[in-house]
Ligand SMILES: O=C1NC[C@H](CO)[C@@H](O)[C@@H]1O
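Below you will find one chain, with nothing else, as structure tokens; this is the form predicted on its own, and questions on how it binds or moves follow later.
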């Protein structure tokens, strides 16, 4: 129907049109739903009508992803303005309560176009890391402490320990809930559809890679973290009864290597499914300068990490999604001209485990690779992003081209399509 402002308003959706959990699997429209996904953090940015927006590129990217079987995108919903150089600019939140409506309309445009292609989206509402402002910027606003940039300090342990203070700061938590309500209760300015009624949103996600602190997190810090996940997930469900809620956790790597903590954090009824991430280079399992010598160690540990988390999901009786993984290009190089033989080999190993275990009926529900670079290209000789450059899969705190899958990476795209077909063929 047509609303008062001339916006086309859709009729309310049937519950079965939303992605739902059926024991240890997802369902949608009465059928099994397996995730063949890409991380596309900047999708809402491309959707903006002006400024950083590139709507023509966005349409092309969505079409190209759809063509290789991608049915799910993991997207940054909110960013926070910060002075840190390794953070994206502009931001959706310029200060507490001050929003960039142009960027929010960009998210509306993304959702409208995703719907046309019958894809789904996971929207994350915060970030443990600094590249979108995130929790450290909240602490800057409400404690007056400097927003920490580990790209500058090179001290990740201190960064993680201090950033976890976000969970305990009452003012930061109140503002965070204001932001959650702003997005979850938003009405799409293009379609007229409330986000809470949009069947193309799969899940609200608390944050990208929330952690309890660093690897030496105390029992008290762990307890605060578990309670925070339960409380915030419950709050989101109180605003929106239609959509799933997830944590955004990396798994054991983001849980101080504490399996009990990971289980406790995801046991609550307010968390509908588990997530985990796999980063063999970032975790020093793989040495890009010695790929032959480090491969066996990296792949052995990766296989164990992949499989052990599926077993943890079995314990909780919930689905699990491998929502981030990646490896760099051959060389190592950031250049789009470099080959991707090692990355393709790694992707195949990952895809094979996901597909094989899914076919057996295990609770692994799919994957999102990190990340879609598409038609974006690095603009600078040092490969570092600057405002005005193309957005690619690598956020500003990393070299542009580090983990991106570009539209010219033909062998990677063919491989993704091969396993997309296998997952889409599973009937349950």
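These figures come from a predicted structure and were not determined experimentally. Numbering follows the first chain given and starts at 1.
What follows is about the form predicted together with this ligand, which we do not show.
Not one of 33, 118 and 367 places a heavy atom within 4.5 Å of this ligand in the predicted complex.
Within this chain, residue 328 is remote from the site of this ligand in the predicted complex, having no heavy atom within 4.5 Å. Contact check for residue 403: a non-hydrogen atom falls within 4.5 Å of this ligand in the predicted complex. Taking the partner from elsewhere, residue 376 is found to have every heavy atom lying beyond 4.5 Å of this ligand in the predicted complex. Heavy atoms of residue 324 reach within 4.5 Å of this ligand in the predicted complex, making it an interface residue.
Of the candidate stretches 278-286, 110-118, 351-359, 167-175, only 278-286 contains residues with a heavy atom within 4.5 Å of this ligand in the predicted complex. Shown without its partner, this chain lists 197, 344, 149, 209 as candidates; in the predicted complex, only 209 has a non-hydrogen atom within 4.5 angstroms of this ligand. Screening 131, 138, 204, 262 for any heavy atom within 4.5 Å of this ligand in the predicted complex leaves a single hit, 131. Heavy atoms closer than or equal to 4.5 Å to this ligand in the predicted complex belong, across 393-419, to the residues 395, 397, 398, 403, ordered by sequence position.
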